[in-house]
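First, one chain by itself in structure tokens, the form predicted on its own.
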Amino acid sequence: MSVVSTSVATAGGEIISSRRSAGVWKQVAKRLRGDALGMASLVVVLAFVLLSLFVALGWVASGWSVESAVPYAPPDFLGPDTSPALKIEQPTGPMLDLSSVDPLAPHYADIDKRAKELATAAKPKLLTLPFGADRSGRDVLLKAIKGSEVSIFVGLAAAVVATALGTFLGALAGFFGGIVGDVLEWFYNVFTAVPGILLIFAFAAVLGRGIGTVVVILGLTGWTSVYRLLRAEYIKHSTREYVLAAQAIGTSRATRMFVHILPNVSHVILVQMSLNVVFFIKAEVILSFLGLGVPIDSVSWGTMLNEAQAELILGKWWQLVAATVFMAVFVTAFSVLTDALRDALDPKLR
């Protein structure tokens, strides 16, 4: 354990040296800085979070829905699509006179001429894009960046909801025990008796689609792992000397639970929340892939994968690769960061 030395001069000129231990979080930060892989993953995670913030503010990827290219425009390194276009044969033979049944028929020629003039004046569609285009001509790279905002927000927000709920219920069950603990244990067993992914699907079918709905669904179904660990931690800490001393001087139960014990189990909460972020991002992707996640007017990595399954039949693979690469890089970096954080918070290494 690292210590900090200080020297104090008394009135008689005598120098007294004192040594005090460095704070727990300072030790954690020092060990984390010593982990090169953990610090690299932290940089990647922070870059994604900042990117998502810029997207939310409209500074980046604001034109993700603009159809700026031709449908299925390939990536730049593949060059323009040179496959022959489908030609529509023009009808031959005498044209029917429709003026007797359609009074607008004489004006159709002028309408077609005006439409051609507008099409000529419009900005030409791009033939290639850095990561290609989807079936509507939207930039796949901008969609992947916009999708990172939705997926990361869902993962972080749902992890906060699940962690807060699991911490509160775990604290109640572990600190009070008795009938309160029995009721919460029954509640916990009901949720864990059903496979997690099926429970998520059940809530999604009832509550419908939407970003906020997905956050609520994942938060309500993902609190059990935090609850189980926090209940055990509170059972252990509620009989420690510092808690009994606080009780002896008359502190309230709420103070002992959330002022004395909670800071000493914060490392468990932090690690579990990090694990939940990764799990909830994967769950959001699955929900959106199955059509139960974010609405159709938005985009996430899951909706991109949903669209990509139809595009693969046509040999258009770039949207699948873009969504997969973005998701894999963030999830891998966050998982490595969680492992590094767990090692840094391990009390055996202090």
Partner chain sequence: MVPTLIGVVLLVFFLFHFFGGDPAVIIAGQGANAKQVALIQQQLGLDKPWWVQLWIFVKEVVTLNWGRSWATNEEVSHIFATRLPATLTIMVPLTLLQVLLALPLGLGVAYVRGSLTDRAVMITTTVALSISFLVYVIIGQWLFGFELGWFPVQGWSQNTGYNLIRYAPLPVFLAVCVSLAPQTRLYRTFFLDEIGHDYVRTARAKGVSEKSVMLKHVLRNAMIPILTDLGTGLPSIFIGAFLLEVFFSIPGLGREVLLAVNRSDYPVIQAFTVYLAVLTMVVNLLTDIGYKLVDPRVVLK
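Residue numbers count along the first chain shown, from 1. Note that the coordinates shown come from a computational prediction; the quantities given were computed from them, not determined experimentally.
Below, we turn to the form predicted in complex with the partner chain, even though it does not appear here.
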query	finding
Interface segment, criterion being heavy atoms within 4.5 Å of the partner chain in the model of the complex, picked from 64-72, 307-315, 38-46, 51-59	307-315
4.5 Å heavy atom contact, F77 to the partner chain in the model of the complex	no
L199, heavy atom within 4.5 angstroms of the partner chain in the model of the complex	yes
Close approach of A254 to the partner chain in the model of the complex, 4.5 Å, heavy atom	no
Any non-hydrogen atom of A29 within 4.5 angstroms of the partner chain in the model of the complex	no
Contacts with the partner chain in the model of the complex, stretch 170-209 (heavy atom within 4.5 Å)	W186, N189, V190, F191, T192, A193, V194, P195, I197, L198, L199, F201, A202, F203, A205, V206, L207
